[in-house]
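Coming up is one lone chain in structure tokens, specifically the form predicted alone.
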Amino acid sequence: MKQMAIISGKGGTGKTTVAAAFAELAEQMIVADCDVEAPNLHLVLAHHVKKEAEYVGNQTARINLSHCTHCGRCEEVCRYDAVSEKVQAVEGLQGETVFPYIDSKRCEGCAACVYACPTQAIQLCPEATGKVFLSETNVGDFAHAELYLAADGSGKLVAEVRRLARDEARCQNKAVLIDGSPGIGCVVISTITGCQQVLVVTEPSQSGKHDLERVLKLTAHFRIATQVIINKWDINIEVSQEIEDACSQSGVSVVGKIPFDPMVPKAIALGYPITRYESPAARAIREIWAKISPVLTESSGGQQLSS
């Protein structure tokens, strides 16, 4: 089973546009959207949800008020300002009384209050942090997720999406195409771990060049074969050349360049991949796919493709 991830150093480079186009060109693959904090691949892949499940990825402290003696130790030891006093109604007591209250949005599940409580009135309880979906599309099954508002553990949710995609890929004997997150944080690390190939989509701007260099350092650290796509390369030919030179010095190939194309935002607005249309960007993406698709069928996974 082969896995290819598409990532970017910064947002807005066109990563998801490329991922959606590749998914359609591949025709039958398992597609995974690992940008769980701001997923949008579903906007350009017509899909029908087949399965959904709540994901429990965190623990939150909760107080059994019937055992609480209101000693204040939990509030003293909490370093996240998650504990405060609040008027609450307690079963067995008449009226309302001021008791400690734990804000689940602030609680980090560190368990300091659990160990500090003299009456063992506080326990860590599982908390759902998001939902995981398996959907059906015209290009194959699609694994994606949604991180709840203010929830923690996005990296763990990405791992769950990838697990779902891998399970489906093994059952159906298919490869996995992953739309990742921008940046170099834990979400991206969770996305690219175990992949045979990483494609980095960048743009010809100084911020795009700078963030590309950071991503290339990350993939080099994990020793993952990496190639670069320059999107909208013709809006700044000089910086595009600087990016190509920097990639050449790093031993990373630029597998293709996509021109600026007004048809791209029109296709996105209609909810379709750009490859549904005949346009300069669509032609460039088809040429790039013809170059990089063999990595999904090669037996010697992890080798760098030549440009």
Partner chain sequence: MRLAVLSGKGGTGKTTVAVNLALSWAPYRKTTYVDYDVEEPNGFIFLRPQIRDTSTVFLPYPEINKACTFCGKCSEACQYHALAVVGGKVLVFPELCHGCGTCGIVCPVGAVDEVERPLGKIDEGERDGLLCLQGVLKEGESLAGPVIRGLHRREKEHSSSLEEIIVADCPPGSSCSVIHSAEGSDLAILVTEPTLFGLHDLKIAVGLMREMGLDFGVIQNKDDQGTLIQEYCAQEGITLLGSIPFDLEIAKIYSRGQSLMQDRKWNDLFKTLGERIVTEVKQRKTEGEII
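Everything numeric in this text was worked out from a predicted model, so none of it was measured. Numbering follows the first chain given and starts at 1.
Although it is not shown, the form predicted together with the partner chain is what the next lines describe.
- Only one of A121, A225, L218, V132 comes within 4.5 Å of the partner chain in the model of the complex through a heavy atom, and that residue is L218.
- A heavy atom within 4.5 Å of the partner chain in the model of the complex is found for exactly one of C71, I235, A128, C125: I235.
- The closest non-hydrogen atom of E75 lies beyond 4.5 Å of the partner chain in the model of the complex.
- Contact annotation: C171 falls outside 4.5 Å of the partner chain in the model of the complex, judged by heavy atom distances.
- In the model of the complex, at least one heavy atom of L43 sits within 4.5 Å of the partner chain.
- Although the partner is absent here, D141 sits far enough away that none of its heavy atoms falls within 4.5 Å of the partner chain in the model of the complex.
- Heavy atoms within 4.5 Å of the partner chain in the model of the complex belong, among the stretches 177 to 185, 132 to 140, 161 to 169, 191 to 199, to residues of 177 to 185.
- Along 154 to 170, a single residue, S154, places a heavy atom within 4.5 Å of the partner chain in the model of the complex.
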